[in-house]
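Take a look at this single chain, the form predicted on its own, given in structure tokens.
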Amino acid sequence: MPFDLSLIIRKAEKFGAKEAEAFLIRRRKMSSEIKGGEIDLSSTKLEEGVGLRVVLDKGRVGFSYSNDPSKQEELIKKSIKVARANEEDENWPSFPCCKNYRRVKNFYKEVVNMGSDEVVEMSKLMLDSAKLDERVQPFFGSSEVTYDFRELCNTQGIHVEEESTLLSLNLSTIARENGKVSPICFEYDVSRSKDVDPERVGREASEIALKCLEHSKIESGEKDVLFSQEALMMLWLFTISQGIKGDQVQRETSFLAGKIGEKVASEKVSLSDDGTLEGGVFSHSFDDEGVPCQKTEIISDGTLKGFIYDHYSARKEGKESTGNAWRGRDFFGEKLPYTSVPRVATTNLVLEKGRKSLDQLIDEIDEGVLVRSLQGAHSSDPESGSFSVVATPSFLIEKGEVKGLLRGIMLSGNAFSLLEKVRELSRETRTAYFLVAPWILFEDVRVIAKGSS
């Protein structure tokens, strides 16, 4: 028998729950994996499960989950048992109530109808494009098609459901020539629809690796640094995106706490969280508590305007949720959402673009660094924003021209302070996971060259 969320909610009340919320996700993922330059595996995964939160008197909350529809009663009993063991919570606000929802375009039938042969063909196109130069070896990658069905029901009258699709490609390469070996170079494409280009992914992954066979040097010091969207995403994942969460602000573990209305960035910086962005990887009609998604202004012309909230953290301040309650969110998206309770998280973090082209930004740099990716960003301090990362691959920019690979380059500083050092943003934008952004040029970034202190 299938999961019946309405039935689960009613039974939970009969077993003594004052409130209940059931969340279901049904996911189908087709993938074609690349290993060692060859298509290694083609697979289809079907997964389904329900997470149940129940509330007893005095705000005692219990949670459990199951992927077995025949054990729905056990799911209820376990959640109630957990709630009885938990402490009272005087701040518990009850579950959200029913709202008006805006339909967000995040589902494409042509993606659902794709067969495994099409997915394999995308991997083949990436590989063929990357292998046009014999110096390049595709290392690993994948083509993935994901279909999600989400449904949420609670005792406050919410009962909503939504379908969504996602198509993603990625390929990593290395290049070898005359004893020189490039670092691993990564390229990707992602879309809700079939609007992806596997040949471009393969070609650019190859071109970046070949560029790494040219080597350059730079002295340590304060430099202009041009971040790609991927590099910025990696840094912000562990710093800025944590600092704008309402619950972190309330715990005073955010650098931005108490700074609403203050200037915290260059006037060129305007940032919002937009869960309704057309084509956004994390665009939905409602969040994982059933609250409508929305666009929330975070920074406007350098001034801090607000934070993102789930229902619990918002009600602590007498506010409404911004639709930012999400389950199972991790970097690779492999943790199925029904296995965890909602937490505050970004949807699509949108950094407004500038007026100059990428070429113009590069042309204006006398000496600097172009950074395509980072290693070690996970060790950044989310509370203070301090970071020390390896910038790889990164390239020397000299007198307006991108030169060769800079080996062993490190960057250090503070992610929040960097917001005040934004000189320019490109007019070209790109989606990198949760971030939709232009290229961004920072000035006076601490660069530590190999062999320097």
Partner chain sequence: MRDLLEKFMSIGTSLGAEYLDLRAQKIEKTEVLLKENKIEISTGILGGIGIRALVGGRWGFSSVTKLDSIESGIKEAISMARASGKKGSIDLEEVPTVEDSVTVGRKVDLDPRAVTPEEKVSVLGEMNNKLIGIQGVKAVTIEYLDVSGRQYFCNSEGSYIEEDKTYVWTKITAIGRKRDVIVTGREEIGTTSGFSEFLDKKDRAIEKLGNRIEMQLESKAPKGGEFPVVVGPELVGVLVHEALGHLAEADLTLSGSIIRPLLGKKIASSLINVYDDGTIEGAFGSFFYDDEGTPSQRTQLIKEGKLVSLMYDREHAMKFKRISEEEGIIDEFNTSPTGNARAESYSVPPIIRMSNTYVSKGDMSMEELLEGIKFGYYLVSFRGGQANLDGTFQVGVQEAYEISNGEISNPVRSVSISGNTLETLNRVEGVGEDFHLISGRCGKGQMAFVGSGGPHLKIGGILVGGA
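It should be emphasised that the depicted structure is a prediction, and the values quoted were computed from it without experimental measurement. Residue numbers count along the first chain shown, from 1.
There is another form of the same protein, the form predicted in complex with the partner chain; it is not shown, and what comes next is about it.
Partner-proximal stretch of 248-256, 345-353, 158-166, 262-270 relative to the partner chain in the predicted bound form, 4.5 angstroms, heavy atom: Looking at the partner contacts, the answer comes out as 248-256.
message: I'd like to know whether A85 contacts the partner chain in the predicted bound form, with contact meaning heavy atoms within 4.5 angstroms.
response: The answer is yes: A85 has a heavy atom within 4.5 Å of the partner chain.
task: Indicate whether the partner chain has at least one heavy atom within 4.5 Å of a heavy atom of V422 in the predicted bound form.
output: Contact with the partner chain, no.
task: Using the partner position in the predicted bound form, report whether S379 sits within 4.5 Å of the partner chain, counting heavy atoms only.
output: Close contact exists here: in the predicted bound form, S379 approaches the partner chain to within 4.5 Å, heavy atoms only.
Exercise: D40 in contact with the partner chain in the predicted bound form, heavy atom 4.5 Å: Yes.
query: Among V341, I218, I362, I208, which has any heavy atom within 4.5 Å of the partner chain in the predicted bound form?
result: Of V341, I218, I362, I208, the residue with a heavy atom within 4.5 Å of the partner chain in the predicted bound form is V341.
Residue among T146, Q375, S193, S300 with a heavy atom within 4.5 Å of the partner chain in the predicted bound form: Of the candidates T146, Q375, S193, S300, Q375 is the one lying within 4.5 Å of the partner chain in the predicted bound form.
Three-residue site V55, K105 and P292 fully in contact with the partner chain in the predicted bound form at 4.5 Å by heavy atom: No, none of the three is in contact.
Partner contacts in the predicted bound form for 153-189 (non-hydrogen atom within 4.5 angstroms of the partner chain): Stretch hits, in order: I174, R176, S182, P183, I184.
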